[in-house]
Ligand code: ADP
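Shown below, as structure tokens, is a lone chain in the form predicted alone; questions about how it binds or moves come after it.
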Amino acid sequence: MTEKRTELSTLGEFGLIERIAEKFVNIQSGTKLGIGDDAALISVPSGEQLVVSTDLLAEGIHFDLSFTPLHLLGYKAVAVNLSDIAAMNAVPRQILVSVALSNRFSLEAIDALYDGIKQACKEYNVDLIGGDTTSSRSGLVLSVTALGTQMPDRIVKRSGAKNGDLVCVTGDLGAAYLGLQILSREKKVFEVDPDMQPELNEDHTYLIQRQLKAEARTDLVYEFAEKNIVPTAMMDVSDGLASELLHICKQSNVGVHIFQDKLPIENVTRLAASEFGLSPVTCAMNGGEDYELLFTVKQEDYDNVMKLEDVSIIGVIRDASAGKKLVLNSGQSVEITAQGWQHF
């Protein structure tokens, strides 16, 4: 049975915008005017500051539609941007989404993309308040701008880490990278033999989900408030743990010692790394796209940090002269170098 295909030209740009707008209902009290006018109107809670981040996702660079369902792409595009808001310890409020697409995309395909965006908006309690649509001659391009708010004394930057601070990370690391390796392998097999069945098992499901359906750790923003914790520095792990550690060290003018045995790596990640002949530590340090939160706290916050769910203490901030080291289980240490994603 042939799937229904409706050309975008049957609606036109304004018809498409109206169709998108019909899917979304504003839930944030600060959203005063959303889609439908020349600009959106929002109000910021008294005393809070507006936190803004934007991200661009290009087909063939950031995602591969041969194994990425459009609804999951829409969800991930929102989540990875809200991750940047969470990394500032801010509460996400609104998003704007702009899309450039070629005529190979049908109306049904765009519906699927925005269904994923809608699901993410519901999950993270944010409003879609605008954006833009245009044509593209080189595939699909997504741009998402995320808005959040927070009191000035609770906003966290990369530059506040101090000697003696504890280094913490949420969740587990390396799984998203292994999920990408699995998907890329199966794509190559399919290209050679379209009749070949994918070699996937239950362990692979978690890894693939971590790659295709990223989640923003906005939950930590609320947990920090409940436990009265304000991290001294924070980033999200998008380009790899090593890369983010070096960013914090540079911005804070400090060194860091990370301990191999403290890295949170799931057993399924270790098994998959072995399957590909990779070191699980290398995957955790340099894989990227985990979208967990890397943060530092004062030592006096240790007891409160231990009350947080799904958080591991993986190292300590040192004076800049102590260097940036990964301390191996053998007791030896190696220099931390960034081998994660490079845009140019």
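Residue numbers here begin at 1 and follow the sequence given. Keep in mind that what you see is a predicted model, and the values were worked out from it rather than measured.
Absent from the display: the form predicted in complex with this ligand. The rest refers to it.
Contact annotation: residue 17 falls within 4.5 Å of this ligand in the model of the complex, judged by heavy atom distances. Using a 4.5 angstroms limit between non-hydrogen atoms, residue 128 touches this ligand in the model of the complex.
Proximity of residue 311 to this ligand in the model of the complex: non-hydrogen atoms within 4.5 Å are absent; the residue sits far from the partner. With a 4.5 Å cutoff on heavy atoms, residue 226 does not count as touching this ligand in the model of the complex; it lies far away. For a residue to qualify, one of its non-hydrogen atoms must sit within 4.5 Å of this ligand in the model of the complex; all three of 36, 99 and 114 qualify. Checking 130-138, 247-255, 209-217, 177-185 against this ligand in the model of the complex, the stretch whose residues place heavy atoms within 4.5 Å of it is 130-138.
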